[in-house]
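The data below hold one chain only, encoded as structure tokens and taken in the form predicted on its own.
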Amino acid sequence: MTSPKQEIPVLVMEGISKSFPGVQALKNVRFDLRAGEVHALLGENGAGKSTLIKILCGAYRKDSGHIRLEGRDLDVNNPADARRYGIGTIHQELMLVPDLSVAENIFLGREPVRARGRIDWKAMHQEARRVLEELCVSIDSYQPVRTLSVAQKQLVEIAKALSQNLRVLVMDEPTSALTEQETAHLMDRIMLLKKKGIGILYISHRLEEIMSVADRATILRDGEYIGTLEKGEISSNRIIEMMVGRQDVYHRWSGQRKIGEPVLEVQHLTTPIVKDVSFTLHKGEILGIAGLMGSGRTETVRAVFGIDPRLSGRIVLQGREISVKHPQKAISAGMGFAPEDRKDQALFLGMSVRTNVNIARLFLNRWGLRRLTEERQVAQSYIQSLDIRTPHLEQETLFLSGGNQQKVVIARWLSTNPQVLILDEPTRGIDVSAKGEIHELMAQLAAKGMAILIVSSELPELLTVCDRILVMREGQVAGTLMACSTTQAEIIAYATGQLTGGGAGETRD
């Protein structure tokens, strides 16, 4: 049997370079993929990953270099060329038509036809069912895609690629919106594809996932090839060191924080999903909320901020009960909220950095016109203090990296001088270096006395930045733990119901 190191790659990309006006996105990058392997492509936001896969998938034209598939030179001019060569892509934003059926999406633009050009609907659904069965997926081929879960939609995307003589599959952040159970189900399907000899180019910011699924990992930095790790060489420390040039990205805040008096008290909060939740957040404290998907984490903070209606419960801020029936009430009371989906729920992507920073408190003169000088001053001050990397104030936020977009959202709320800052999944979809910067920023804000409430599905993140961690299960508080003395295993035990009894409750050291 041939060893992996002796296998001839199914895909080879050599000397790939690409520049845009004022930016050298890729410089002589190389990457290869073997049949039946998962090869992770890693790097910080802006490292060149997206540019490389867009060249492979025909969205961009390379400036120089070669692409070979099974030893044959390819000229990929557009996405149709890539599909014809057997290169499929599952983007983070799924490319499906919601109102069409599963079968129609799988064969969109390639529908089987009968005489006189009529679509052969029976043949199309039969072939769709065959491909789905090949993936061990039980989805009705007649079902409209809009009725499917995100995980099911991804499987339809895989079936769509598999129906086209698939040789290479690019998966861009495929688990970013999946539960743990859905992720495990997807990993099973990836193993099926590997057995069929399909090479998988895999992109993810979740290092634990990479170490579990990847056979090899290639790291890019600043548009250049840094190196490739074999299975036995892959570790989080090694990956981080190659990605950012150092190892100390994840480290607990080393400064001293003084935890003060209670700032926010939530008493018996109840919504259609949240059941009798109570907790206290103190001045200078970072309180984390953990739990499995569907446990009520996001619903809790949305109700506190007035986005979701409450059935009952009290919210007390600085000793005074407040009526939060609308987000504007929460903002006026001294709260800020960065939602989990910054692109759809927080940012105006087509607007400038200046406007996005100032939109929660526009500067208006007595005639109701915006005072642009003040807006520029405020935006510039946060660009400097938060190290937001943007060419200029008027840059459209769409073109910033994920980490810098998140800093813009945080800057918006800091500009309102909040007493309580709520952050829902503050580092989702951003690279490890940017995560470290966001963690450091949260710690600095708490050290200055700000009360911070953070929801995160990443347990290492909660253990890194929080003072206490409130664990939720089925809409209720299962336990409250001191971050310095708990473990991931203990948090999971409370989240899954293996441990009960409240943990540390509301006690403090």
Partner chain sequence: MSGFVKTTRELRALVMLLLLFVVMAVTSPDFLTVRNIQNILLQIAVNGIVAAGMTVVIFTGGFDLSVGSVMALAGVLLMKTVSLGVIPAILIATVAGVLVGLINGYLISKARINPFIATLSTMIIIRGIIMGATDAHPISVWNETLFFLGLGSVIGIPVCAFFLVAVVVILHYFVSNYRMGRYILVSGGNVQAGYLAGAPMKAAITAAYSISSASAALAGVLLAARLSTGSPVVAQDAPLLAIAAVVLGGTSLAGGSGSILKTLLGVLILGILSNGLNLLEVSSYYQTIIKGVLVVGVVASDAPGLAQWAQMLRRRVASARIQREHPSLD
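Positions refer to the first chain, counted from 1. Quick caveat, the model's predicted, so the values are computed rather than measured.
Unshown form predicted together with the partner chain; subsequent notes refer to it.
The three residues His91, Pro98 and Glu111 all sit with a heavy atom within 4.5 Å of the partner chain in the predicted bound form. For the partner chain in the predicted bound form, the listed stretch (307 to 315, 187 to 195, 281 to 289, 131 to 139) containing residues with heavy atoms inside 4.5 Å is 307 to 315.
Checked against the partner chain in the predicted bound form, the candidates Gly319, Gly117, Gly232, Gly71 yield a single residue with a heavy atom inside 4.5 Å, and that residue is Gly117. Of the residues Arg83, Arg221, Lys275, Arg167, just one reaches the partner chain in the predicted bound form with a heavy atom at 4.5 Å or closer; this is Arg83.
Proximity of Asp172 to the partner chain in the predicted bound form: non-hydrogen atoms within 4.5 Å are absent; the residue sits far from the partner. Within 4.5 Å of any heavy atom of the partner chain in the predicted bound form lies no heavy atom of Glu209.
Under a 4.5 angstroms non-hydrogen atom cutoff, the partner chain in the predicted bound form lacks Gln126 among its neighbouring residues. Residue contact check for Pro79: one or more of its heavy atoms lie within 4.5 Å of the partner chain in the predicted bound form. Shown without its partner, the chain has no residue in segment 448 to 471 with a non-hydrogen atom within 4.5 angstroms of the partner chain in the predicted bound form.
Look at Val145 and Glu340: in the predicted bound form their Cα atoms move 3 Å or more farther apart than in this form. Relative to the shown form, the CA atoms of Lys153 and Asp424 are pushed 3 Å or more farther apart in the predicted bound form.
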